[in-house]
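The chain below stands alone, shown as structure tokens; this is the form predicted on its own.
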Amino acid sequence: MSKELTTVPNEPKISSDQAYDCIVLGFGGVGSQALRHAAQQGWKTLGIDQHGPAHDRGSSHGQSRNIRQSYTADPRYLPLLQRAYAMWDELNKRHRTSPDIKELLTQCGALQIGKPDSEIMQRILAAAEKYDVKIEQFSAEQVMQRLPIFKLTDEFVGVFEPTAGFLRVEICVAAAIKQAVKAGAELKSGLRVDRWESQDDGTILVTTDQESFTTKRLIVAAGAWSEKLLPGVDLKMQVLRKQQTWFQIDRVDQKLVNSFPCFAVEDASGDRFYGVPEIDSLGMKVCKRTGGQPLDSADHLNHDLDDAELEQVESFMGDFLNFGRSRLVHHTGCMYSQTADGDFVIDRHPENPNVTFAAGLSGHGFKFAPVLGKYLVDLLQGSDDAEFEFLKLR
């Protein structure tokens, strides 16, 4: 990153109230957590987001995100995930000040279904054994006895994790932002960041479409916009549009109040689908995990219904669930920022140690948000952690 600033005619002089100890670009899932941890350090902290808190234009919306420890990704995520459970619990205690406030994390359990010799199921069992995750294994017949809504052939098995569940995604973001503001953070919504540049005095100039700011430290947590805001960082990231869909069906056993768990299924073709129990009037959330439509720009996300993907989800429901009638109640689009290997990238900027970033969360990052947000702040304090080494840029 060049330290020479381009001269802009009539550029306004930055006053002291526009100078910060830390600026966070983006306050979605990870950015909101970084914002609160930065503010809790006593730093004068500013969060900038072009859309605002808990918006529906990125990757941190859609009512729920699953969380579990019987993980199908690299087993090195498991220690980080175990920390995340504790940190969600800590934030929940700050957030849930009365019984009528909805909890952030609901541990309704998660059932994962697939063929016993599939790579996915083998990874689940290996991770559970290595990290002592409590699971229960069931045959197809046993799954259907306990949860009659499922219809499975004998080639499938189930693995149930009782401490898994879902996070209320927008409420989680709002709770983190509330704690950040309580600790003194400022928020500016509706500003589009055009660039940031290192200055000769060691500070960083952040220029938006409306005003500019300086900061000693910068955190980039911009999701699908990360590549634009991380010049000099080779992320090789593909942005995918994903469709989320909710259904009312003519059964009652798929409801959270009736102890229905989250579920994930890998079908015979290798396609993966997931579901979240009905938690309100929207109905049961059922979506396709694999696939997605490539976007040439994060600004081009739309919420229009993709009929082809809806047909795939409804076909899955017909093959694996017992019901008479279903009705699509709600749908929305969101984005996955997909790296080539599906792993996150979280590190210092290679040209400026006072800039940290998290990018490429690849559709499985939200559950780690409090851990990632804290680590972005820790790096700026000179504190590293070997358990993040496999997620570094190199």
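Worth saying up front: this structure is predicted, and the values here are computed from it rather than measured. All residue numbers are counted from 1 along the displayed sequence.
Although not depicted, the form predicted in complex with a small molecule is the subject of the following passage.
With the partner removed from view, the residue among F247, F156, W225, W196 that has a non-hydrogen atom within 4.5 Å of the small molecule in the predicted complex turns out to be W225. Taking R348, K44, H364, H331 one by one, only a single residue has any non-hydrogen atom within 4.5 Å of the small molecule in the predicted complex, and it is H364. Contact between L25 and the small molecule in the predicted complex is found at the 4.5 Å heavy atom cutoff. The shortest heavy atom separation between C108 and the small molecule in the predicted complex exceeds 4.5 Å. Not displayed here, the small molecule is kept clear of V133 by more than 4.5 Å at the level of heavy atoms in the predicted complex. Interface membership of Y274, defined by any non-hydrogen atom within 4.5 Å of the small molecule in the predicted complex, is confirmed. Looking at 322 to 330, 34 to 42, 348 to 356, 59 to 67, the stretch with residues near the small molecule in the predicted complex, meaning non-hydrogen atoms within 4.5 angstroms, turns out to be 59 to 67. Contact with the small molecule in the predicted complex holds for all three of Q50, H55 and L229, each having a heavy atom within 4.5 Å.
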